[in-house]
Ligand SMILES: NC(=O)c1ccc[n+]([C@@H]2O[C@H](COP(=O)([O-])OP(=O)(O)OC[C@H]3O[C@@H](n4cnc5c(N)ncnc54)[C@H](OP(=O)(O)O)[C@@H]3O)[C@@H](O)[C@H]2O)c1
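In the form predicted alone, a lone chain appears below as structure tokens.
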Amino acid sequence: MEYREISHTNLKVSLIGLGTMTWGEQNTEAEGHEQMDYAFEEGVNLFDAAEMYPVPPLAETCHETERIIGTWFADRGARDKVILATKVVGPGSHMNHIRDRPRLDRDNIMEAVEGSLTRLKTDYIDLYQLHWPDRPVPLFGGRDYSPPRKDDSIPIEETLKVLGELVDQGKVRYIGLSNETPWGAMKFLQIADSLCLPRIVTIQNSYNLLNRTFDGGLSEVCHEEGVRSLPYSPLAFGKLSGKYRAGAMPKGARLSLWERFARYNGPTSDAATEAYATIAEESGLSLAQMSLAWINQRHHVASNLIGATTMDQLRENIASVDVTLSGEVRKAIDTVHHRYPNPCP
């Protein structure tokens, strides 16, 4: 396993990180423990969770993922060997089953942290992330920004001050963003520097061969400001595993189960996937391993957050650390990207 440093921290994270959002929905507790056991043995030291997991976020299963991780820590005694990341939800009526009116203000964040610490059976979180901004921005398939008619967003300064309290208390070591924009990331950095508050050290956004919007601005932020990325959905909800090719909809697969993930379907994304699959086949690679290896070689990436519902998927995904793409393959990938730019934002 390769390990990469996150600037402005003493963290060295595994190039492959373990995403956990299926545990408690598509995966049982025993299966989650089996995944953690295998990943840990293979050198994976970053586990990424969220208070709202598993997905889709439902009142009946809410918090199950963190609870499953907590029972694994309690049983294995490996807390000090794992870099633990989790997230606080942003605003939205679909999150009212978590708190009455979730926002990124002091009361909500403090309550969220205490809940996560209890479920995770730990007294500190290595990386605490804002799951999405408090202000209105394009999210989860949205493409374009529109100025809000009324903006009652929690000021970034207020959110950062709360996170600073948690760092001072030792409950959180470092902070990060998720589903953020270039403007938002720079604003967090600017306010942190001007008020001597904690700097963000990571940005976790969707990033894969079908969605390279991160490279349009956030990639530069990472390079210039010493921030590292933690890409999620590196296989585009399984689209880049190849299992949905030729219109297949495997039983029990995410795109088969829930219409909310349909943004990864469509003629343009299908055409792009086929073009990438051709490159992989000509290179003697699986589509999944080529897709993951491409992310692993990007300059801004600290840890590639893979997720799996089966052990075979997990083994293949982790093994991508041993794949290095040639310059010719990367050039062919870029050619496809220019033909089908970001069909699934």
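Start at 1 with the first residue shown and count on from there. Since the structure is predicted, the reported quantities are computational estimates derived from the model, not experimental observations.
Omitted from view is the form predicted together with this ligand, to which the following refers.
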Partner-contacting position among 72, 214, 237, 128 - heavy atom within 4.5 Å of this ligand in the model of the complex: 237
Single option in 297, 283, 61, 309 placed near this ligand in the model of the complex, where near means a heavy atom within 4.5 Å: 309
This ligand in the model of the complex: contacting segment from 193 to 201, 113 to 121, 252 to 260, 165 to 173, heavy atom within 4.5 Å: 252 to 260
Residue 48 within 4.5 Å of this ligand in the model of the complex, heavy atoms: yes
Interface membership of residue 103, this ligand in the model of the complex, 4.5 Å heavy atom rule: no
Residue 178, heavy atom within 4.5 angstroms of this ligand in the model of the complex: yes
Interface membership of residue 317, this ligand in the model of the complex, 4.5 Å heavy atom rule: yes
Residues 14, 291 and 324 all lining this ligand in the model of the complex, heavy atom within 4.5 Å: no
Heavy atom within 4.5 Å of this ligand in the model of the complex - qualifying residues of 1 to 23: 19, 20, 21, 22
